[in-house]
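This document starts with one chain, in the form predicted on its own, laid out as structure tokens.
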């Protein structure tokens, strides 16, 4: 899952460690939820952000193709979740293609795809969100990002990953249309960043692994990865998302994230 790393959402994913020890021992389910809640709370207050993104697709023979994109995000208010807009700038045959996502905390997220060749906006059905996004190893579900309410959780263990102490947490999608039965995530204990996630398909087989690297801190608080790699173990294909020129509080508003913004995005 892209944790605001958000969220791929994102990935496109700060707060001190969980406050004092609870009076009563947490269950694995409570601890798993609290870890992800801490990660979500750390990202509060980003307001909005923009970034340049490069998508690199690799097949089993490691042949590559590249796509340039611009990405914008707006922090949600109240019961509404975040909004995001991803626009393809190249190659020429995909220029202008755009994906708009409205996250919701109490119902399914809304996603719309604008296809310039057809000059129309297509709403992505919930049953189709597990499908690949623009031929990549990221699904619409991954790209859209998720809210904490989209899963139930279970803490599994502590483990060191890439030299960093991590919590390992299992997440179970609430949405019956999800392409996954569970996701196992490595969250570093110091900054609560998602460093690695393993995705298991509807047959409970290991489908994909996401790794995030090159993290930088912005505004003295918000951590974002410079690169996210999604490897599909069943097909041998992989996709890299690289982001740079990340800026926060650029003055975006809800009017930049409605369906009309899809057609005028370039």
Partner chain sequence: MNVIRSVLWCALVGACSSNAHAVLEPILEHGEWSAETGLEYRYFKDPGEFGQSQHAAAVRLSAEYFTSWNDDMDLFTFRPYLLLDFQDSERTHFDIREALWIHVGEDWELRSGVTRVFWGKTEFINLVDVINQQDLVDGDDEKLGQPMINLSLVHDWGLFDFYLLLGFRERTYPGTDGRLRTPIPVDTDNAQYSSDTGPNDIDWAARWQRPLNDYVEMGLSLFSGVDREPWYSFNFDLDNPMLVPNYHHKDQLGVELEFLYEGWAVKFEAVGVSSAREEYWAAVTGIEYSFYGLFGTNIDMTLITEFMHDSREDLAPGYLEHDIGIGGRFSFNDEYDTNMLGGFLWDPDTEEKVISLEFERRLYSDLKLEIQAVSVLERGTPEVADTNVEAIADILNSPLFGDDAFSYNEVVEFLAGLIEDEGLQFIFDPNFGLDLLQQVQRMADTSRKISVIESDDYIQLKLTYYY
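Please read all numbers here as calculations on a predicted model, not as lab measurements. Numbering follows the first chain given and starts at 1. Note that the rigid core is defined as the largest set of C-alphas that superpose within 1.5 Å between two forms.
If you look for the form predicted together with the partner chain, you will not find it shown, but the lines that follow are about it.
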(message) Given a 4.5 Å cut-off on heavy atoms, tell me which of 171-179, 75-83, 189-197, 150-158 is the interface stretch with the partner chain in the model of the complex.
(response) 171-179
(request) For the three residues 93, 128 and 237, verify that every one has a non-hydrogen atom within 4.5 Å of the partner chain in the model of the complex; reply yes or no. (result) yes
(request) State yes or no: in the model of the complex, is some non-hydrogen atom of residue 105 no more than 4.5 angstroms from a non-hydrogen atom of the partner chain? (result) no
(message) Considering non-hydrogen atoms and a 4.5 Å limit, does the partner chain approach residue 67 in the model of the complex?
(response) yes
(message) So, residue 244 and the partner chain: in the model of the complex, are they within 4.5 Å at any heavy atom pair?
(response) no
(message) Since only the chain is shown here, I'm wondering whether residue 231 would be in contact with the partner chain in the model of the complex (any heavy atom pair within 4.5 Å).
(response) no
(message) So, superposing on the core, is the move of residue 119 at the CA at least 2 angstroms between this form and the one not shown?
(response) yes
